[in-house]
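In structure tokens, the next block holds one chain alone, the form predicted on its own.
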């Protein structure tokens, strides 16, 4: 094979009440430089080596092998994969989904599978269990998706997203999704579930109609997960107050957290600089929507 490069965007899931079903692709990336090798090996950035295996335990390889086997192949031609990772690990910006989607794309290219985006998403859902992060990583934009283990349906939104700024406020600690899920109730009273569902419906309608102020309002009114997970994010209220004073339309926990994402429409650089100064204990990323999703191109890596 000739060397090739895979680009996978970061993602932010839920957007408040869109629990396990809504996500957006953002312009922060994992890139994979792939070239032939005698055996599988992943070159991992030093800061990530404690979290990302260099051999076949790597989630990228596992996802690639799953994809190959789902298409009737038993093995994959060996390769060396060099990771360039701008997506922080276990912070709620889709790091595991970049690995899953990157692995699917890796197998698709190595084996010349010609998978459609829908086929890639179906495989990714089979691996992940739900589409909130993997869907936008594949398609770009905002994806509203549902998957019950058999039926997979989605709507993609992209209009007007270029005008928005998504400010990711990243605390200096990891938060495992499984730990965050353990805080969620096993059931909700019927009336509470109806109200929670209604807020998610209004969020989707607001995003579709580009009513960004209403979308931001709904992001703060989630009843599915944020009220329970906030206890793991001690600075949430402080961050909320700071970004609200700066003109943010809303703030939500990205995925399971701990990253928080504030939505701005037309924010000035001076305002963002002030927010960064006030939230100096956090790492801040000023992001826009990625509208392309995962893609592969020839690489300049030499054998």
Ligand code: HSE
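What you see is a predicted model, and the numbers here were worked out from it, not measured in a lab. Numbering follows the first chain given and starts at 1.
Missing here is the form predicted together with the ligand; even so, the following discussion is about that form.
Chemist: Honest question, do 9, 31 and 95 all end up within 4.5 Å of the ligand in the model of the complex by heavy atom distance?
Modeler: No: none of 9, 31 and 95 comes within 4.5 Å of the ligand in the model of the complex.
Chemist: Exactly one residue in 177, 211, 82, 197 has a non-hydrogen atom within 4.5 Å of the ligand in the model of the complex; which is it?
Modeler: Filtering the options by heavy-atom distance leaves 177.
Chemist: Which one of 68, 26, 251, 256 is close to the ligand in the model of the complex, taking close to mean a heavy atom within 4.5 Å?
Modeler: So the residue touching the ligand in the model of the complex, by this definition, is 256.
Chemist: Could you confirm whether residue 13 comes within 4.5 Å of the ligand in the model of the complex, counting heavy atoms only?
Modeler: Output for residue 13 is yes: heavy atoms within 4.5 Å of the ligand.
Chemist: Does residue 130 reach the ligand in the model of the complex if we count a contact as any heavy atom within 4.5 Å?
Modeler: Yes, residue 130 sits close enough to the ligand in the model of the complex that at least one of its heavy atoms falls within 4.5 Å.
Chemist: Although the ligand is absent from this view, report whether residue 229 comes within 4.5 Å of it in the model of the complex, heavy atoms only.
Modeler: Residue 229 belongs to the contact set for the ligand.
Chemist: Whether residue 73 contacts the ligand in the model of the complex should be assessed with a 4.5 Å heavy atom distance threshold; does it?
Modeler: No - in the model of the complex, heavy atoms of residue 73 and the ligand never come within 4.5 Å of each other.
Chemist: Would you point out which of 132-140, 107-115, 82-90, 199-207 contains residues with a non-hydrogen atom within 4.5 Å of the ligand in the model of the complex?
Modeler: Looking at the other structure, the answer is 132-140.
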